[in-house]
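Next up: just one chain, as structure tokens, the form predicted on its own.
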């Protein structure tokens, strides 16, 4: 037990050293500062995908995370542009509003299972896009543009985070912000899964009727898991709007919702950190296949099918299998 604990601590320390020290140092040496935006996108997509993984954990197929990412982006942009808010409080507010909306939506639809729940959530992203096109506050198809960079964050007169507009390299600042939130997100996910609530959520995945028969409040757990999932989507969307300094109805589409789901499948549904690895591989894999031109989608789809057949439990299952053999 002590050895396993030491290995986990060493793995976490190594991961933190890589994302906070090694990666910025490598980018600085190579001069490829454009990679900051790429890796920031991977970190934020991992956060949104983590929310999808949580709904899988309770036995629901969620293909509607794009709706909450879009909503979070608009909430942050509207508060900053129309009401003069600082960017920083809009992050939790966007997440909380998305969580509140998911509770209202989830109360009726979480009774559905399997493909029925998946189809309903699939329509949510399209509904969100159409609402963004129709509502005056979202500025229709024109979207919200020229969103200012995040200002300084001060507590009791002490500046904790400087004004991004004054920084020489704001991309590095966004990268550090994104990976910090990603680390916090997955730490919360890991703690939640290991807690009593996490074990109860896992029982819903196995057999809801049996869990209900022993006194588990399955309706409460489903709503809580879906709300946390949507909170992550809203937070990711809010930061995306700040990075791109704009938000449009097409910023998050049905394709993005499907990709969030694929990230979980590829990394491994049985592993908390599966969405993180899946997002990294899927994002860079798609970019690498860009050189193949019109064959890109065909090769991509074929590789995904092969991976699902060879590694049905995701890429992380390969590491576990290797460790067991060793």
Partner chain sequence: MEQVIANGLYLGAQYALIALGLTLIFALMNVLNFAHGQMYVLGGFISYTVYGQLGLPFVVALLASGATLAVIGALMEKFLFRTVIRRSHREESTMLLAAATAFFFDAVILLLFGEKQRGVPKIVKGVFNEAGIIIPYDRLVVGALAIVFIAAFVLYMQYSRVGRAMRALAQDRVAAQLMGVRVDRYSMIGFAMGAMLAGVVGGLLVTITGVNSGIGGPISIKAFLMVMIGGAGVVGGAIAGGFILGMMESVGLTVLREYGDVTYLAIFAALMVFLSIRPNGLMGKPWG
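Because the structure is predicted, anything quoted here is derived from the model rather than measured. For the two forms, the rigid core is made up of the largest set of C-alpha atoms that agree within 1.5 Å on superposition. Residue numbers count along the first chain shown, from 1.
We do not show the form predicted together with the partner chain, though everything after this point is about it.
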field: Every residue of 109, 294 and 304 near the partner chain in the predicted complex, heavy atom within 4.5 Å
entry: yes
message: Using a 4.5 angstroms cut-off on non-hydrogen atoms, would residue 191 count as touching the partner chain in the predicted complex?
response: no
- request: Evaluate residue 122 for contact with the partner chain in the predicted complex, applying a 4.5 angstroms cut-off between non-hydrogen atoms, and reply yes or no.
  value: yes
message: How about residue 116 - does it come within 4.5 Å of the partner chain in the predicted complex, if we only consider non-hydrogen atoms?
response: yes
- request: Consider residue 310 of the chain shown here, and say whether it contacts the partner chain in the predicted complex, taking contact as heavy atoms within 4.5 Å.
  value: yes
field: Of 33, 289, 281, 262, the one that lies within 4.5 Å of the partner chain in the predicted complex (heavy atoms)
entry: 262
- request: Name the stretch: of 84-92, 169-177, 130-138, 211-219, exactly one has residues whose heavy atoms fall within 4.5 Å of the partner chain in the predicted complex.
  value: 130-138
- request: Give, in sequence order, every residue of 22-40 that has a heavy atom within 4.5 Å of the partner chain in the predicted complex, or say none if there are no such residues.
  value: none
query: Rigid core fitted, then: does residue 26 show a CA shift of 2 angstroms or greater between the shown form and the other one?
result: no
- prompt: residue 296: with the rigid core matched between the shown form and the other one, does its Cα shift 2 Å or more?
  reply: yes
